[in-house]
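Just one chain follows, in the form predicted on its own, and it is written as structure tokens.
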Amino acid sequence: MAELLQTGLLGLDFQELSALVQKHGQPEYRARQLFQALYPQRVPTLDAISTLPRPFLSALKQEGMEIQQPAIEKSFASVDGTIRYLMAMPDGQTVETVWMPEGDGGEAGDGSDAGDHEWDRATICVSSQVGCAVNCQFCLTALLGVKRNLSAGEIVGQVIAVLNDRKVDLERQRVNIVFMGMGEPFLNYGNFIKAVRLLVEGVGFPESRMTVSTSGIVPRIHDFGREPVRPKLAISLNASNDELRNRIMPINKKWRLELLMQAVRDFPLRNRERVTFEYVLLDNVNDDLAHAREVVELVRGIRCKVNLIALNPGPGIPFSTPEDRRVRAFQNLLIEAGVPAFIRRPRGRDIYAACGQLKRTVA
């Protein structure tokens, strides 16, 4: 898989910016000015930075050190207020990023001006790779394969592009970030973690408002637990036994459920923190009450919750969405067994923005 090296200024941390400033013979405080412009101020171009001297800006441009925020090529509005963005990276590769407003003003009704209404809080769903290599059988992104990892700047840049497009003021508006878009974040671990640090230290997101979902890259779960700054952890479970998980999530053949669940049990949860298990329900595949009982045994003793997601359908996906009664029965069994379980309503299903539907489509 091709790996894109860091290019441009976006994605450089304070230490790297300090080295750049020193290289150009500028005083040290210029690094702070540059950092503030890139992240808290979310400035889109070098020319928009008024605090830096023109000769220094010109020198940066001559080196090709532009800011290089992802460009919004197209956006698609759902009837529920969700917006799916097609983002173009500097090399022309594209990914999708999703804006999901919540609250009384979050739903736009007819979709004609979705996202322009008032909202109480919102979530940005961010991609970490161009495509995905994990090949979950119920996910449209898997049909793309994987082209390359995104750089830290490209990951952060998606968030900044959406914040700027929606004119968000993070000091007075609550926004969460979920790393649940295209790609497996833990297969792009270094860039993902660097992006998290930049979002926390630079853009201004508390780590408590971030969640990362992994299909179960066991060694990285252990690494993630040792990070001093980290989002909350979600596990894309989707099956209650190895035979079934091997079928719908081939990654399970490398890290079986026993190894995955042990890694979760060893994970150092913070006060009042829970692991989230995501379970996509496929009609007559993994949604039987027997499967629910197996899930109860899998998560026994873990401080967790389970999010149930009825399959979001798409072309080329060989599964169907279960009936509501099967979803409710599955949820009720978990709750009766003492496992907090929630049914996640789909967001943006009509524009292919829901969980498992991101596929870099232009229509």
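Numbering starts at 1 and runs along the sequence shown. All values reported here derive from a predicted model rather than from experimental measurement.
Just so you know, the form predicted together with a small molecule exists too; it's not on screen, but the next bit is about it.
Contact with the small molecule in the model of the complex holds for none of Ser240, Ala292 and Glu336, as no heavy atom of theirs lies within 4.5 Å.
Between the options Glu207, Glu278, Glu201, Asp165, the residue in contact with the small molecule in the model of the complex by a heavy atom within 4.5 angstroms is Glu278.
This chain appears without its partner; in the model of the complex, the one residue of Phe179, Tyr85, Phe224, Trp119 with a heavy atom within 4.5 Å of the small molecule is Phe179.
Looking at 137-145, 68-76, 94-102, 265-273, the stretch with residues near the small molecule in the model of the complex, meaning non-hydrogen atoms within 4.5 angstroms, turns out to be 137-145. Although the partner is absent here, Gly157 lies well away from the small molecule in the model of the complex, with no heavy atom inside 4.5 Å. The closest non-hydrogen atom of Glu184 lies within 4.5 Å of the small molecule in the model of the complex.
When contacts are judged by a 4.5 Å heavy atom cut-off, Leu311 counts as touching the small molecule in the model of the complex. Shown alone here, Ser236 lies within 4.5 Å of the small molecule in the model of the complex, counting heavy atoms only.
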